[in-house]
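First, one chain by itself in structure tokens, the form predicted alone.
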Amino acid sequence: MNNFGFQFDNTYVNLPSDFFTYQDIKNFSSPKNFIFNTKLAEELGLNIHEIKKNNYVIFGGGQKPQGASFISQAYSGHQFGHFTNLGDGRAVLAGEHISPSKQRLDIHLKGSGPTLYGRRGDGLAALGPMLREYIISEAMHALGVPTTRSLSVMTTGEPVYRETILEGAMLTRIASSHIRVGTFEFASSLNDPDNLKIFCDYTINRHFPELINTKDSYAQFLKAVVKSQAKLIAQWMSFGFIHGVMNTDNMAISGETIDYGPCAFMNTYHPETVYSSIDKNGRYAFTNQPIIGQWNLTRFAESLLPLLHNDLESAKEIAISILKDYQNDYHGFWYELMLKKIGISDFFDDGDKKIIDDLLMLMQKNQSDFTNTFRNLQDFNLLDSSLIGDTSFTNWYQLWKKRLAAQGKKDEEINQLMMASNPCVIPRNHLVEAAIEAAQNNNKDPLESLIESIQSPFKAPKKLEYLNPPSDEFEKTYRTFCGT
């Protein structure tokens, strides 16, 4: 066994055996590091010297870091509204690492080979989708959005057969945990109240320890998850992020963004924007994300009903009363974030909400770029010509300036707030695709340059083309695909 500095303390294996299976990972023929997140490894307290000696390959080459305990987790999920049993079909949990800051973090391998839950799949992953998750998850982290992280992507030396033959790869993912809404749906489906209670207590202890031994702890747990998800989705919306596949198995109880499959960042603002090739009816369109969040949380609440009250009707009343808070929580978080984007940080009311609503309506009307419009709002001449030429927008602009003046704050303070709330660099879809394509053709320069820029999203990039949206032709035809 190799000692790469992991401090494993694996508690998930103490749960009832229904929740996981021990699982070996595939011994790949010639694993090779493709990209390694040294900064994250240092934050985790890993032994960079030992990892470097092993050519940055930690898993998948026959080695097993000291203390690792490979398991695949069982869970269920509503996929596009339809319930099914799932589980880690091509992933394993290597263990729970305790960081120098005493955080408990899952070390998770994606594309590590077939598992019991694989539903006859090969359990493998291709390089392109794994690089995509690395890029987008690190961008989200830099934006301050709770998210899983990417430690490394390695190539496996083995082909992956999809529509074409692709280069195989494995991602090492870091997360607070991989407990999902779908995991609770699975626990509920076992029809074993004791197991459900054990699992719920475990999750509370891990993610909401302040609720241990509190009155109505399960109701308080539901309330805490509702609030964290409302805040997370508000953050997505404030940056124009579209998850693309908000199934219940892709909603983490920790409040982190998880599973970067057909995700994308919106360019031209339109609330109905969909990029995912599998989202035929727009279920997970940009504007629907808050609604789907509540739908998923309703499924979560259903799984907790036996713990909320002994009487089913009383349990439903408790759940409904908590779920009603979601809309207020979400809109409160979202308007607060959006108003900061236009420099308003003091008390806001319905008039302020109208300022945001009207701006978005004008952006949609004039097909304005979401990111650049907010970033350039203070300099009228930098805005799209279509906006500048719209009399309704110029009227809005004057009203906005009056509202800013009413705060009584200095221009410098307002400018700092807006610059800190509005990135100038996001992982533009055309740049992501170009970087991945080049990397697959043995040119990592675009990938490394893009990652460097997205790690400082609020600073002007070295390459000014990172500020520009794609061509209209690209935007109209662009589609994202699930990484399986």
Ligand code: AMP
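All residue numbers are counted from 1 along the displayed sequence. Being a predicted model, the structure only gives us computed values, none of them experimental.
As for the form predicted together with ligand AMP, it is not shown, yet the points below apply to it.
- Under a 4.5 angstroms non-hydrogen atom cutoff, ligand AMP in the model of the complex has L86 among its neighbouring residues.
- Although the partner is absent here, R119 lies within 4.5 Å of ligand AMP in the model of the complex, judged by heavy atoms.
- Within this chain, L124 lines the site of ligand AMP in the model of the complex, having a heavy atom no more than 4.5 Å away.
- The closest heavy atom approach of N250 to ligand AMP in the model of the complex falls within 4.5 Å.
- For a residue to qualify, one of its non-hydrogen atoms must sit within 4.5 Å of ligand AMP in the model of the complex; all three of R90, R162 and D259 qualify.
- Site annotation in the model of the complex: the residue of S176, N288, N366, Q79 reaching within 4.5 Å of ligand AMP with a heavy atom is Q79.
- None of F393, F374, Y75, Y275 but one reaches within 4.5 angstroms of ligand AMP in the model of the complex through a heavy atom, and that residue is Y75.
- Comparing 312 to 320, 354 to 362, 193 to 201, 242 to 250 against ligand AMP in the model of the complex, the single stretch with non-hydrogen atoms within 4.5 angstroms of it is 242 to 250.
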